[in-house]
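The chain below stands alone and is given in structure tokens; this is the form predicted on its own.
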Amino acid sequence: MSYVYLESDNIISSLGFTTNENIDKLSKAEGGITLLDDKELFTERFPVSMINRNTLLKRIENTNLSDEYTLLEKIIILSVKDALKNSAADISSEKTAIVLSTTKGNIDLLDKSISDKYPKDRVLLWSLAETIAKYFNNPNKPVVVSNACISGVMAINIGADLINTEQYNNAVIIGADIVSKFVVSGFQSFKSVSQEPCKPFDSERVGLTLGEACGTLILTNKPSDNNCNIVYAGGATANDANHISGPSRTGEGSFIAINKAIKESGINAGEIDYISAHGTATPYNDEMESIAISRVEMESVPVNSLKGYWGHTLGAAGLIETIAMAHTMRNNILFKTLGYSTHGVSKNINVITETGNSEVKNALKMASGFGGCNAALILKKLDK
């Protein structure tokens, strides 16, 4: 039987510049959300999860990346290079696809003091993707996925489909977004940003915390390492068409996406050992997810949200959270839901309160976003 393997990965976030650094912080329940006082982003101090700029600049200098690349492009290049170290995939091959997940791309180029340094089309998502493909000498037209906050999960689903249909042997999936004035003001206008670090599924939750990150996940039909035993089992998307920003009160779209992912995976719902929720800590999202989990009869399955560590990293969220889910499976460790204290959703879902060991063979990743979009994917651990 043929599989799509998760061969290699990288996470750059407030918790570090490698996946190992990030997983180590998760295992110690150390979050990267801090209070930031930056009038260029917002008029008041607000909690946010930011990549360490001093360390980032040093790493950029060491890589000799020229100023022809934007800040986001430099972060992406660093992430992809690190992921490629542990992969046999040739990113310059015509059999390797590049799939980019981002919601805003080079949105900081709306600032004229920055935009004058780059071609005008660089703010467009296709231009960002082609710049990355050109840097790595990839001959194929890159795929751009920008579907609100399900983009990361959707990009993995698409990458896996490209391999399953034998169009490519490998897929380099990239998810990236940075915190900008445009993003902060947009979410503030929705009154969806918490004034303290977010509290997923908690009774006192009042909103999300923004974050920035980049993740790279390399999928392949033939891993170079015999110990590579985490595979993509199935995935799906669905739209509940409920509201431009509010999720379905019945969890319909998420319910449909989960059921379709389960059907494609060939795994029974009762075989799921762990759920990585979207868990934004907004009142409606967390409630909707609890309803969807209940409707697929998984209330007893351990579930967490990692937004309390990284914040909501938009186009990177689904990707870095899936990478963390894969490492949960490899290490049989469940991370606590940072910020969660008192149960605050109507369904009695099994929110993880303490980090600990547990066997995880099959896991479900959930994602939801504006416009009623929902996505799900399932990873499976093969016996070595």
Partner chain sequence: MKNYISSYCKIKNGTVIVNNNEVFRSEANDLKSVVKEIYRSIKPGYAKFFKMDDISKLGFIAAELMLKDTNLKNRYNDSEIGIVLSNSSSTIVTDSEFQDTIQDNNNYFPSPAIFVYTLPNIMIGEISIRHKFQGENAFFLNEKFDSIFISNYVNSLINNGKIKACLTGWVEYSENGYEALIYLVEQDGNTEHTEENINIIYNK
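What you see is a predicted model; the values in this text were computed from it and never measured. Residue numbers count along the first chain shown, from 1.
We do not show the form predicted in complex with its partner chain, though everything after this point is about it.
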Segment assignment from 292-300, 82-90, 68-76, 124-132: heavy atom within 4.5 Å of its partner chain in the predicted bound form:
124-132
Can Ala269 be called a contact residue for its partner chain in the predicted bound form at 4.5 Å between heavy atoms?
no
Looking in the predicted bound form, any heavy atom of Phe17 within 4.5 Å of its partner chain?
no
Answer for Ile174 alone: is it within 4.5 Å of its partner chain in the predicted bound form, judged on heavy atom distances?
no
Is there a non-hydrogen atom of Glu252 within 4.5 angstroms of a non-hydrogen atom of its partner chain in the predicted bound form?
yes
Single option in Asn147, Asn138, Asn221, Asn229 placed near its partner chain in the predicted bound form, where near means a heavy atom within 4.5 Å
Asn147
Could you work out which of Ile275, Ala236, Leu306, Leu208 is the residue within 4.5 angstroms of its partner chain in the predicted bound form, going by heavy atoms?
Ala236
Contact check, 154-169 vs its partner chain in the predicted bound form, heavy atom within 4.5 Å, ordered by sequence, gives Met154, Ile158, Asp161, Leu162, Thr165, Gln167
